[in-house]
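The chain below stands alone and is given in structure tokens; this is the form predicted alone.
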């Protein structure tokens, strides 16, 4: 399936997916971490808004629809948006081992998003706030260089 990507300066990326019953499904991955779903009948520049999702809602939907694909798109986003980077942060023995990811408030405090957790051979894509962290987990983080560094300081305590 062809997925067209359109850079929306200052906003993020729009993915356009032709759907079988006609039209074009648009998914806007906003720089603020939210997502918008749109449907265009004929003109992709005049889509009808369907739904706006907060990050946690988009994570839940991505988990249902296929999170690994979404994680790939986040990696693409780092190539398309100047200043956006992907990084890895290891969770040390410290304040967050054994605690839910949501308790870190990482996105709120740093502006960076944790898009996956690597735990040994297992990858947890789009972890929700209820996902419990363990020492040794590697967090896949998307954000600015400063945001990624702030996540590292945060989880270190």
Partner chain sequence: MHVSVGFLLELGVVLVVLSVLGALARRFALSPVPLYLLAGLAVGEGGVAELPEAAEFVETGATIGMVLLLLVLGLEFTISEFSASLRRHLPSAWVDLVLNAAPGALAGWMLGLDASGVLALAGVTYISSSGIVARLLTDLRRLGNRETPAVLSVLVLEDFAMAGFLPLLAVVAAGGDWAQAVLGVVLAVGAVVLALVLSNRWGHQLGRVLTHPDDEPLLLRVLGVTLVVAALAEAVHVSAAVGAFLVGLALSGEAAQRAREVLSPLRDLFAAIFFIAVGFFVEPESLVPLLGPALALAAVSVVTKVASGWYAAGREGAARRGRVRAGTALVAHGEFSLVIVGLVGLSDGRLGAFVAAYVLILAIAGPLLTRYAPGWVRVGGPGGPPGRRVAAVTA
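Quantities reported herein were computed from a predicted structural model and do not represent experimental measurements. Positions refer to the first chain, counted from 1. We call the rigid core whatever largest set of C-alpha positions still superposes within 1.5 Å between the two forms.
This protein has a second form, the form predicted in complex with the partner chain, left out of what is shown; the following refers to that one.
Contact here is defined as any heavy atom lying within 4.5 Å of the partner chain in the predicted complex, and by that definition not a single one of 109, 140 and 146 is a contact residue.
At a distance threshold of 4.5 angstroms between non-hydrogen atoms, residue 98 is out of contact with the partner chain in the predicted complex. Contact check for residue 44: a non-hydrogen atom falls within 4.5 Å of the partner chain in the predicted complex. Proximity of residue 116 to the partner chain in the predicted complex: non-hydrogen atoms within 4.5 Å are absent; the residue sits far from the partner. Interface membership of residue 49, defined by any non-hydrogen atom within 4.5 Å of the partner chain in the predicted complex, is confirmed.
Stretch 26-34 is the contacting one of 86-94, 101-109, 26-34, 118-126, since its residues have non-hydrogen atoms within 4.5 Å of the partner chain in the predicted complex. Along 7-39, residues 7, 8, 9, 10, 11, 14, 28, 30, 31, 36, 38 each place a heavy atom within 4.5 Å of the partner chain in the predicted complex.
In a rigid-core overlay of the protein, residue 107 has its C-alpha displaced by under 2 Å between this form and the one not shown. Core-superposed comparison between this form and the one not shown: the C-alpha position of residue 142 differs by less than 2 Å. Inter-residue distance, residue 55 to residue 123 (Cα): reduced by at least 3 Å in the predicted complex versus the depicted form. Compared with the form shown here, the C-alpha atoms of residue 27 and residue 106 sit at least 3 Å farther apart in the predicted complex.
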